[in-house]
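Only one chain is shown below, in C-alpha cells, and it's the form predicted on its own.
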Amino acid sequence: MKLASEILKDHNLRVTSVREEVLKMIQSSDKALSSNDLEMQFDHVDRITLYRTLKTFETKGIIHKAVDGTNVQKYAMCVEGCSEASHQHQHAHFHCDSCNSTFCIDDIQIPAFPKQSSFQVKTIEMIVKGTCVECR
C-alpha cells in the first residue's frame, strides 16, 4: 500500500497534515467512511476543511462515493487507474442493514449499459443489502 504522502504527490496535491490523516483513515478502513466517521476520529478539525479535502480527493480520483441507498455520503479508496478524467470503480456496494456499514465489493462488476441506447447515462449503481459478517 502506498503512503498517503506519495498518493497526494502522485495526484499533484500539496501534502498537509489533514490530507494525510484523512487519507490514512480511509486507506486503513475495510468499510466506506462518512465525513462524520472521519470527523469523530480527529481531536479537532474544521468541518469545511474536511469537506473540501474529501471533494478534492474525489475530483482527483483518489476516493469515490460508495453509494448505499442511504442519504449519507460515504467514501472509499479508488482502485489503481482512477484519475481526474475517469473513475474506474464500476463495482457493487454492500450495505449492512444492521450496523449501516458499507463495503466495496470489487468482485461484482456492474455490467456496461448498451451504447446504442437512447438514454444518456451518467452513472450506474449496484447496491446489495443484507447483513455483514460481523452482524450475523
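Quick note: we count residues from 1 along the sequence shown, nothing fancier. For the two forms, the rigid core is made up of the largest set of C-alpha atoms that agree within 1.5 Å on superposition. Bear in mind that the values here come from a model prediction, so they are computed numbers and not experimental data.
Beyond what is shown, the protein has a form predicted together with another copy of the chain; the following relates to that form.
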N71, heavy atom within 4.5 angstroms of another copy of the chain in the predicted bound form: yes
Is E80 close to another copy of the chain in the predicted bound form, meaning a heavy atom pair under 4.5 Å apart or at it? no
Should C132 be counted as a contact of another copy of the chain in the predicted bound form, where contact means heavy atoms within 4.5 Å? yes
Is it the case that Q90, even though its partner is missing from this view, gets within 4.5 Å of another copy of the chain in the predicted bound form, heavy atoms only? no
Has each of K2, Q41 and D46 got a heavy atom lying within 4.5 angstroms of another copy of the chain in the predicted bound form? no
Sequence-ordered list of residues in 40 to 68 near another copy of the chain in the predicted bound form, where near means a heavy atom within 4.5 Å: V67
Core-aligned CA displacement of D106 at least 2 Å between this form and the one not shown: yes
Tell me, please, whether between this form and the one not shown the C-alpha of K122 is shifted by 2 Å or more, with the rigid core used for superposition. yes
